[in-house]
Structure formats: C-alpha cells, structure tokens
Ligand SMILES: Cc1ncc(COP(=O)(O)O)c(C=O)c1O
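Given next, in structure tokens, is a single chain: the form predicted alone.
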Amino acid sequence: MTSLPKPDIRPADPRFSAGPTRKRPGWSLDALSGAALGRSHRSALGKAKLKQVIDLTREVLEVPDDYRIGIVPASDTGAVEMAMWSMLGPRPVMVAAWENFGQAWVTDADKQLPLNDLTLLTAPYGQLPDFSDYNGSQDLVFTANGTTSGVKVADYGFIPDDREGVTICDATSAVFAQELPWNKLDVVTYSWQKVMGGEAAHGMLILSPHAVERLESYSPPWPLPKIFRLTKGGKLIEGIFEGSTINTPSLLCAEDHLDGLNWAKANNGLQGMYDRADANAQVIWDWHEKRDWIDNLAENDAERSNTGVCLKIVDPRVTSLPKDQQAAFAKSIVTMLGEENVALDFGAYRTAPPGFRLWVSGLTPIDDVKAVLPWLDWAFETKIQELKNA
C-alpha cells in the first residue's frame, strides 16, 4: 500500500494537453454563437471576421505596425514551411533544433530543400544549442520554445539588429506567454490551438519589412505549391494579410479564436498572459525542487518553459530500469491519473525522456496547477509500491 493518502482536491479542469490546449476559463459553446456559419469566407462578413482576427492579434500581441499578419493553411507547420520554402536559398542557412519539432525543420532544410550552404545547430533534450556562430549574415530557422523539451530561448541577444539574413521563428508554444523581441524576428509563426486554446489547422504568419523585402526580391528555383505562394508578379499578395486567405478557413474556428483573444484583452492583455503563465510554472518548479524523484527536463533554470513544463523522472528505482520499462512506468502514471479524471494528455513526448508535460499557460487557473501536483505524488508512490511488490 502507498504511504500517501489519495488527495481530496481535484483540478476543476483536468485538461493539461500541450495541443490543442484548454479553452479560456468559463468557455462554452455559447461563445461561438456569433460565428458566420454558412457564409463564404470571401463575403463581406467572412472577410470582416478574418480581418478582425488579424487586427485583434496585432493589438493583443503588440505587433509593430509595419509587420504583416496573415492567416495561412496547415497550422504552425504550414506557416513555417511556407516561410522556409519561399525565402531560403540566397544566403547560407542555419537551422537550430533541440527537440522533436525543431528537428522537423532540420529535415526540411537538410533532406527536402536543395540548400547548398547549411549549418545545423542541435542539442539534446534539456539543452539549447550554441548560437554563437550565428553572425547575422545567414538565414536562421529556430523555435522560440521547445514544445517537447520545455526549453526556451531566454536571451535573443545573439541576433544582430542589423542582420542581412532573415530569422524564421517557430513561436507556437511561446507566443502569448513569452516576450518576443520583434526587432530580432523577421518571420514569426504559431497556431491557434496552442497557447490560446483554439482549434486546429489554422496557422499565423507574421512578417517584418525585411521578410517582405526578401519575398519580393527572391524567387526560389524550386516549384511552390499554391498554399505556399505569398507573392504574385514579384509583389506580396497583400490580400492574405487583410483577411483574404489562400484556402478556405473555418469561420467557426475564427470565432473561437476571437473569443480567446477578447478574453486575453479583457484580462490584462499580454502582460496578464505572461504573469499567469509565469505564476503557474513557478508552482510546479517550487514543487519539484522539494522532491527527489522528479526534476525539470530543462538543465538551465533560465531556459525553463512557462507553457509546456516538461518533467523527467530521476528516481534511481526507475532510472535503473531498461528504457522501455522507464517509459512504461511513466505512462502508467499518466493512465492512472487519466482514469481518475485528474489529469489528461500530460505524458512526455514519445521521443523525450520518460516523464510528464503539463501545459500551464495563461488560460490555466493556478488552482488547477496546485491541485494536480499532490496527485502526481500519490500516483508515483502507488506505482513505486507496485514495482517493489512485482
């Protein structure tokens, strides 16, 4: 028998998934009642809804006036690949990766695009790569926050303000939670289903004037599919950044994202999102620092993510097991708490070290974060007893 009693208090909402993430507090289907259902996305109403998403995004995220904001197909993946396939080629390229999704951009650059001068900056789970070789003459592709490793870029000082290359930043698990230095970033991408709890398949593409200059001055030597084409006749297709999307978006999803943006605006805006995410993450950090069975996957405290907090099991009774049994042990805790309806979808990514990933961005009430942690203690002790008795 476990020495810990089963906790009495449960999270009000057990959804700790890293994407799609939970909705804002108090959300219900009534929030979608104003959606332009059954209307063309090219109608005056449809375009007005999409333009409202763009305008409210600019306001809440505090995007500079001279940056373009567009809604594009295929979620964050589509937005990143659109930028890579449209812009890379005229300069040397660096791609930085330290977890699974960053490795996807490595694959694009190294295996799919015919790039002649490519440098890969990689690091294992828990660490950042060494950015010191980046001098601004190269194009750079990187993630702001490692979704599957819980490691973020804490200091963007390695990016020169007067760079010649373009910087393409996958910010899907950082935006609305971590400060983005717009003057350092030429392309910023993300998806609605991450920090804002929106629905899938819609990507956001934010371009600096420098990025627009690249698009209008460079034509890649490879063919571009329709959903990647951002220019026509050597000029940016401005309609994309005014609500005329490349393909058909969901106006129901757009309404849902508007609801999330309006909630953030009404709750102290971007700073409120930052503060709530920081406070939520700090609760977990304070908890694991007092325990010897679990630790943060991020090795440098300054680089710990405040959205997807990634934890690894470090108890020697578990780490001494073969790798597959370590993974099975962690998964058994995820299953156990899922069956208790205490925490759902919070397992570590399949290629990450065995452990957990709790999504605790600015839409997560801090009481839910506080409530789930005693359950983790209880489940761990229960499974350790089972392991001992096996």
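Since the model is a prediction, treat every value here as computed from it, not as a measurement. Residues carry their position along the shown sequence, with the first being 1.
A second form of this protein, the form predicted in complex with the named molecule, is not displayed here; the remarks below concern that form.
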{"item": "Interface residue in the predicted bound form among Phe241, Trp263, Tyr125, Trp105, criterion: non-hydrogen atom within 4.5 angstroms of the named molecule", "value": "Trp105"}
{"item": "Exercise: Asp139 in contact with the named molecule in the predicted bound form, heavy atom 4.5 Å", "value": "no"}
{"item": "Contact flag, Thr167 vs the named molecule in the predicted bound form, heavy atom cut 4.5 Å", "value": "no"}
{"item": "Any non-hydrogen atom of Phe101 within 4.5 angstroms of the named molecule in the predicted bound form", "value": "yes"}
{"item": "In the predicted bound form, Thr143 touching the named molecule (heavy atom, 4.5 Å)", "value": "yes"}
{"item": "Partner-proximal stretch of 213 to 221, 72 to 80, 108 to 116, 159 to 167 relative to the named molecule in the predicted bound form, 4.5 angstroms, heavy atom", "value": "72 to 80"}
